[in-house]
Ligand code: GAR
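What follows is one chain in structure tokens, specifically the form predicted alone.
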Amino acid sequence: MKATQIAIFASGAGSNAKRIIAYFRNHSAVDVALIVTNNPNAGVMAIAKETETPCVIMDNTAFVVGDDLLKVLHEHRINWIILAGFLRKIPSKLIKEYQNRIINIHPSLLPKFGGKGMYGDYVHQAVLSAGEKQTGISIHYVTAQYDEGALIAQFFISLAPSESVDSIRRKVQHLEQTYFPLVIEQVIANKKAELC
């Protein structure tokens, strides 16, 4: 059976992208076929080069329109889109084309601390300011609204009174690196099983 082709969308350093690529490097059922970024200075560009993964830079105007991006995704036979630190809203054309096949990771326990402008350290600062006793990650399907798609999985960590934004970031990144590839693998496998 042909491997499922996934595209990773990333805007920043690409630590999750790197982990996902490594996880699926010699996988029989899933292949990371493409990286898409909207940031020509993103660290994920170096990861694409290092891992010899095809990479496309899509400027924000073209991204919003979506036609060129859909063409690229079709050329690479992409079955699933994985958002790994991607900061643009996904256009409706992509959501329609890849309905229930776009997965995002968010660094909080949704529905808390989600929505427009809530990413990275902004989330961790909000968690800290609210005096939360726990935080974690949410992995969910993408819809037209930020961070409102159906939850796939959540993983929790406890927070001590002495936490800082830096310490929360490190703990959350550990959860992301540990669980995101596993959840992607499981979701794709389950979807394939449903189609059989």
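In case it trips you up, residue 1 is the first one in the sequence shown, and so on. Note that this is a predicted model, so its numbers are computed, not measured.
If you look for the form predicted together with glycinamide ribonucleotide, you will not find it shown, but the lines that follow are about it.
Contact annotation: residue 22 falls outside 4.5 Å of glycinamide ribonucleotide in the predicted bound form, judged by heavy atom distances. Using a 4.5 Å cutoff between non-hydrogen atoms, residue 13 counts as a contact of glycinamide ribonucleotide in the predicted bound form. Taking the partner from elsewhere, residue 119 is found to have a heavy atom lying within 4.5 Å of glycinamide ribonucleotide in the predicted bound form. Although the partner is absent here, residue 84 is a contact residue: one of its heavy atoms lies within 4.5 angstroms of glycinamide ribonucleotide in the predicted bound form.
Applying a 4.5 Å heavy atom cutoff to glycinamide ribonucleotide in the predicted bound form picks out 176 as the lone residue from 162-184.
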